[in-house]
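To begin, one chain is listed below as structure tokens, in the form predicted alone.
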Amino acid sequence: MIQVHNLKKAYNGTVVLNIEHLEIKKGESFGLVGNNGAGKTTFFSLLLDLIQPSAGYITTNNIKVHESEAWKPFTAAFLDESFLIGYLTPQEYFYFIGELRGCNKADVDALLAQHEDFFNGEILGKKKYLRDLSKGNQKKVGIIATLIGNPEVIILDEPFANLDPTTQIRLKKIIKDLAENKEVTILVSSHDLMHTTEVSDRIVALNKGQVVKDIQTSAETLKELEEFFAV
């Protein structure tokens, strides 16, 4: 599904990401962990063609992401609030994304109704612009927007940050439910080892831009990661 080929990103001669080979299979729930500056967001930015690689490339369904836009119709992502449009209300934003993905308002409304508890009565019908919402509520909008149009690849950067405990639990259920569909590939990065372990079939740890661990999730995974990062 997603393959990394001799990928490197450098700024002013400093290499911030260097992954020789990495393959993420279709239907995998993939977790990416690491300390600040490990290269998690850089990797996602390269995967979404937001920045150009210094060397190498990434393919999605055999499409080179920095050479073609053919991967975009089946890919959805939320990295941070810059993905939102601040002068729209949440409803306007959801309908806008729906239009981009070929969904009518009824389709979008049906999806929003499914996730009413995730919004916790704080998002819809409040007549607030996205720019006026809290970071946590902005994140709720961005996450649910990625589900519009049933994308095959969903990428979430630090989705648990700024969310209250109840919403984190609800988000974990959303991700786990998505992971049951083996046509959907989910990539989640997080500082939270426990949350990532709970929602991922496989976890890759980055350190200084390099893969230092690649683990199929088991009952021992959380302990193994905690011991690794405690050193």
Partner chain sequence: MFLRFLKLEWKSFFRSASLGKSIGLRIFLAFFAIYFMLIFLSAGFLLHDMITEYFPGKNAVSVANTFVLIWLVADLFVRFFMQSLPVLNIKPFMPVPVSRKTQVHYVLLKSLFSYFNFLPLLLIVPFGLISYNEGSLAGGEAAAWIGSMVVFTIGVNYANFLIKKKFAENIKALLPFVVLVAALAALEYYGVLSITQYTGAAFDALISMPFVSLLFILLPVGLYYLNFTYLVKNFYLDASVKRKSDKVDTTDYGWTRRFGDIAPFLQLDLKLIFRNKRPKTTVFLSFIFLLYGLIFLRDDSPSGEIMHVFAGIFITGIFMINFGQFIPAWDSAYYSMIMSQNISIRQYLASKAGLLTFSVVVLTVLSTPYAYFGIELLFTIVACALYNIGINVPMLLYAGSFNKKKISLEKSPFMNYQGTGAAQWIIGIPLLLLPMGIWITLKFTTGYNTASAVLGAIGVAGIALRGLMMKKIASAYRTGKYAAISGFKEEEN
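Residue numbers count along the first chain shown, from 1. Since we're looking at a predicted model, the values are computed, not measured.
What comes next is about the form predicted together with its partner chain, which does not appear here.
Visitor: With heavy atoms only and a cut-off of 4.5 Å, decide whether residue 50 touches its partner chain in the predicted bound form.
Guide: Residue-level check for residue 50: yes, a contact with its partner chain.
Visitor: With the cut-off set at 4.5 Å between non-hydrogen atoms, does residue 89 touch its partner chain in the predicted bound form?
Guide: Although its partner chain is absent here, residue 89 would touch it in the predicted bound form, with heavy atoms inside 4.5 Å.
Visitor: Just to confirm, residue 129 within 4.5 Å of its partner chain in the predicted bound form by heavy atoms?
Guide: Looking in the predicted bound form, residue contacts with its partner chain include residue 129, since a heavy atom lies within 4.5 Å.
Visitor: Mark residue 154 yes when one of its heavy atoms lies within 4.5 Å of a heavy atom of its partner chain in the predicted bound form, and no otherwise.
Guide: No, residue 154 stays farther than 4.5 Å from its partner chain in the predicted bound form.
Visitor: Given the stretches 51 to 59, 23 to 31, 167 to 175, 188 to 196, which is the single one in contact with its partner chain in the predicted bound form, using a heavy atom cutoff of 4.5 Å?
Guide: Every other range fails; the passing one is 51 to 59.
Visitor: Which residues from 85 to 103 come close to its partner chain in the predicted bound form, meaning a heavy atom within 4.5 Å?
Guide: Contacting residues: 85, 87, 88, 89, 92, 93, 96, 97, 99, 100, 101.
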